[in-house]
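Below you will find one chain, with nothing else, as structure tokens; this is the form predicted alone, and questions on how it binds or moves follow later.
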Amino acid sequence: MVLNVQLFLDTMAYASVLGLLSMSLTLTYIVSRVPNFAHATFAAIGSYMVLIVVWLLGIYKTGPSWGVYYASLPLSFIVVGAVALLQYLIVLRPLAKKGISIDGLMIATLGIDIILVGLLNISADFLEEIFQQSPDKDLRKLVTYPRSGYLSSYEPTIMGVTASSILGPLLLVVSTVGFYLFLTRTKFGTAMRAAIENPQLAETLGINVNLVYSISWFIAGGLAGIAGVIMVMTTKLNPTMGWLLIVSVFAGSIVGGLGSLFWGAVGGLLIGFLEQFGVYYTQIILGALTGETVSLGNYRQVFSLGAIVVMLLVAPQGLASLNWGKILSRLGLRR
């Protein structure tokens, strides 16, 4: 029972990361119609911001501290939001103006992803060198962290529960509700919806479409950075950690429908639970059949790919396209 409870808590943190990433990926897709393959690496940049905070604030000496979150969350939001904005302004928007096709823009995001991972590798080497040459013995303990460290040792707990298991779902709910209120209750939100639905008409009405798109990319990148802060508490830090996550992120967006921020978040949550519980119970079943300990952690994306196939066969437009009123009525959950 304890294992199940811990599995649920770990899954909440992981699924929340996928929810945030799928929702923010959906936002950039709605705005630009470009599948951004660099999006998961944005989260990896946010994760490295946590290591930098641990170093600069001296948390490596104090152990678990709320300072990890107080400093990392806003820092990651701003830094990664800026990276996403630069990707849009320097690469995607100029290419789009030249008439480059969606396929060409998608390939450009792959190139950007490779460049970002290369920069993360350089940063990891730089941090390792700094830690290794430091006269501080405690700081030298971080030498291996830039490539293979678990930063969960600096994470505080709430009544014995890791903060990421609580903050992850909380941040996802706040982001989803905040987006809804922003898009429906503010003038800029209304302008954003108009710019997304009909950019030509929006420009005719005096809406600065480029500004709307730029802010959208910044917000999407910022949310990915926040997801990276939660992610590094449950995943080993590595420059390529985004590559291992991108399939799951796209699966969440596709399951959600790629047209709704809310359903993007729901899709990410569902994929997170499917992967975690799928791996866990498959390991148990195979272990019982073979009599040996089976580890399938590296194959969690099999469940994501399976979900994509099933969703494209059953509902190509994702969960957002289903008639939920009718479905709930048939299940007897709604009159």
Partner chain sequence: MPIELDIGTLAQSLAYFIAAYTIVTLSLNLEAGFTGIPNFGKHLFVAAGAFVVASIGNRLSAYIVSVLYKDEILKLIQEDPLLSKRITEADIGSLWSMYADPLGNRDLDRIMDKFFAQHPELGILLFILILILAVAIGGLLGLLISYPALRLRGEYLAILLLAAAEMVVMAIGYYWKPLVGGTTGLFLPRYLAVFGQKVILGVTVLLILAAVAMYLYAQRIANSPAGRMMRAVRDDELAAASLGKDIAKVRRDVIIISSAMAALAGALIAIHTGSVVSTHYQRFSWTFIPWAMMIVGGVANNSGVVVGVAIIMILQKFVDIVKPMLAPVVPFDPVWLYQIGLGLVIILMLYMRPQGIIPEKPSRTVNFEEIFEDVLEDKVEDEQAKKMIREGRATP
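Given the structure is predicted, the values throughout are model-derived calculations rather than measurements. Numbering follows the first chain given and starts at 1.
Below, we turn to the form predicted in complex with the partner chain, even though it does not appear here.
Considering the partner chain in the model of the complex, the lone stretch of 261-269, 101-109, 197-205, 149-157 in range is 101-109 [heavy atom distance within 4.5 Å]. Note on the partner interface in the model of the complex: the residue among Ile30, Leu286, Leu57, Val302 having a heavy atom within 4.5 angstroms of the partner chain is Val302. With the partner omitted from this view, the residue of Val91, Leu75, Ala191, Leu139 that lies near the partner chain in the model of the complex is Val91 [heavy atom within 4.5 Å].
The partner chain in the model of the complex is approached by Phe126, whose closest heavy atom lies within 4.5 angstroms of it.
In the model of the complex, the partner chain lies within 4.5 Å of some heavy atom of Ile308. Under a 4.5 angstroms non-hydrogen atom cutoff, the partner chain in the model of the complex lacks Ile215 among its neighbouring residues. Using a 4.5 Å cutoff between non-hydrogen atoms, Ile122 counts as a contact of the partner chain in the model of the complex. For the candidate spot formed by Asp10, Ala82 and Leu170, no residue has a non-hydrogen atom within 4.5 angstroms of the partner chain in the model of the complex. Contact annotation for 240-254: residues with any non-hydrogen atom within 4.5 angstroms of the partner chain in the model of the complex are Trp243, Leu244, Ile246, Val247, Phe250, Ile254, listed in sequence order.
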